[in-house]
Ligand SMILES: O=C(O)CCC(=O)C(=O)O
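In structure tokens, one chain follows: the form predicted alone.
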């Protein structure tokens, strides 16, 4: 397998919280993942629920919302044979492991973002990923894969440079709101104020189909709205993996882990159980 990750990539990831690696996936992989996603969308548009193809991946419940080409889809891996092949056989796992400097990876969650038209609601609101995690550790990056060209007018991903170094978390709007906020969590309004400040170090990430972004779990990010007058869509697939240093550490504001039916409940302070979160990739000795 070709070596895509350089020391410069690792340095930028640790310094800025996001790095682009160009030309990772060729047309074979782009077509495969797109085909799997389009099959899910077609099933939804026909008023049906997709059927699982495996019990070994992505135990969180399938979710989709949207219309007219604008869709947010969560947890499709267990419902797509194409994405299962991509998980097992593509360079994705090794790229993430090489950037994070991890020796094992487990596939965890995914999100698909299809954007069409050119209205303000094609933007993705600012957020970061770890705020709802019942986990501790830094080996939980996301691999954001461009399935179409994503120019500056086609809803590029945007990040708050350096926010991966924040020592605190934020109280997400997706977390319970009727519980006392632990001291290590800052209010969501603070996150919003940081990204709207006049001197906010915002970085935009245009990409070509097949490019990837590796995004630190603490990095504050979102997407610009789609402004292109051209017909078509912006399509991206974001997968989340967990590595060597991840331990189970729930908080009052974290979302629960989805386990296999009958799966072993995690022990606080220990790695996630193998029965529900099997190792997907292991570095060769």
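Remember, predicted model here, so these are calculated numbers, not experimental data. Numbering follows the first chain given and starts at 1.
In what follows, reference is made to the form predicted in complex with this ligand, a form of this protein that is not presented.
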Quick check on this chain: which one of 170, 86, 144, 205 has a heavy atom within 4.5 Å of this ligand in the predicted bound form?
144
Check each of 157, 92, 214, 109 and return the one that places a heavy atom within 4.5 angstroms of this ligand in the predicted bound form.
157
In the predicted bound form, segment of 196-204, 92-100, 122-130, 162-170 with a heavy atom within 4.5 Å of this ligand
122-130
This ligand contact in the predicted bound form: residue 238, any heavy atom under 4.5 Å
yes
If we define contact as a non-hydrogen atom of the residue within 4.5 angstroms of the partner, is residue 221 a contact of this ligand in the predicted bound form?
yes
Any of the heavy atoms of residue 113 lying within 4.5 Å of this ligand in the predicted bound form?
yes
Does residue 226 reach this ligand in the predicted bound form if we count a contact as any heavy atom within 4.5 Å?
no
Restricting to 255-285, the residues within 4.5 Å of this ligand in the predicted bound form through any heavy atom are none
